[in-house]
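Only one chain comes next, encoded as structure tokens, the form predicted on its own.
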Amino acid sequence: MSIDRRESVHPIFQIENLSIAYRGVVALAPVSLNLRKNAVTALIGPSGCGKTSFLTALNRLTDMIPECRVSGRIRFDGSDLYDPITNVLDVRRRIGMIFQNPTVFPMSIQRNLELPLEEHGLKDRGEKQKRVQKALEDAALWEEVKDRLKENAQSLSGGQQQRLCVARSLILEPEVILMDEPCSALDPLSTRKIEELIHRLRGDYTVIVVTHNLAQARRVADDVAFFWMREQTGFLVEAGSREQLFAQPRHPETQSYVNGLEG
């Protein structure tokens, strides 16, 4: 099952029969799904239904989980993401990840952003400074921290730390940003700023966000994929445009969930 494609829009991910197991136990039943380029896709569903597993498979963070087995195929921009010759470091530069809890490094705000540039070979000081400012501007954080760049990043508020994590991803000029419940630990004001940021990123980046907040999915998403769980195994129920999935879901499980009767 795949998200309805709009005219002339090419999917950036083509996923065929993706299945994930941990220690031999299937956590996600085979999923087939297309994800549109430069759109915001929300992954919704109850806890334990495989949304985060699905998300982490998209930039091969599953490689770092002991006894995790991924089967099926993910094509990213036309290439097999799990081909043995694929450069995983390059994959994670092109497909950034924002986690549920902000993970800033215990160093200055500026060093948080310079470090990934240096790890990818950029040494020129002037170019680093330009990239730092642009990333902070793109993450809607520059005006708040431009006079505090030498301060420890851990002195920032939770919402600011999360936007710094977004800036740290953007500084590597990715094509895709994965977000795993980016607002779950934030207050309503910080949540609003993250949602505004997602709106700004739309069209320039592909954003795929896991959220338990149905109102948030309605606010930020172009497309929505609904996952459910049966007998301890997650599976994709349906996917479509935000308007279709919330207004005219095709499956009873979806209708119950979006109407607050299940989950």
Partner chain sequence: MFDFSSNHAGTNHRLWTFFVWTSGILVFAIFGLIAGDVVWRGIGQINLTFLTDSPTRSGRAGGIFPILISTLGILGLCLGTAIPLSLATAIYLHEFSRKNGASARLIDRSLDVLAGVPSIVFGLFGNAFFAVTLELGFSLLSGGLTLACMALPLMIRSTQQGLRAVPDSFRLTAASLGLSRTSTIFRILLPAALPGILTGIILGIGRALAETAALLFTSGYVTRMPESLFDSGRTLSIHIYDLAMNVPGGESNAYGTALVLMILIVAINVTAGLLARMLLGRHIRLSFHQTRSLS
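What you see is a predicted model; the values in this text were computed from it and never measured. Numbering follows the first chain given and starts at 1.
One more form of this protein should be noted, the form predicted in complex with its partner chain, which is absent from this view; the next part is about it.
Inset, instruction - Mind telling me which stretch in 188-196, 72-80, 131-139, 95-103 gets its heavy atoms within 4.5 Å of its partner chain in the model of the complex? - result: In the other structure, the partner sits against 95-103.
Inset, instruction - Sort through E173, E118, D124, E143 and report the residue having a heavy atom within 4.5 Å of its partner chain in the model of the complex. - result: Spelling it out, the residue with a heavy atom inside the cut-off is E118.
Inset, instruction - Please run the contact check for L61 against its partner chain in the model of the complex: heavy atoms, 4.5 angstroms, yes or no? - result: Judged by the heavy-atom cut-off of 4.5 Å, L61 is in contact with its partner chain in the model of the complex.
Inset, instruction - Answer with yes or no whether Q154 is in contact with its partner chain in the model of the complex, where contact means some heavy atom within 4.5 Å. - result: Answer yes; at least one heavy atom of Q154 falls within 4.5 Å of its partner chain in the model of the complex.
Inset, instruction - Answer with yes or no whether R168 is in contact with its partner chain in the model of the complex, where contact means some heavy atom within 4.5 Å. - result: Looking in the model of the complex, residue contacts with its partner chain include R168, since a heavy atom lies within 4.5 Å.
Inset, instruction - Indicate whether its partner chain has at least one heavy atom within 4.5 Å of a heavy atom of R111 in the model of the complex. - result: Within the cut-off, so yes.
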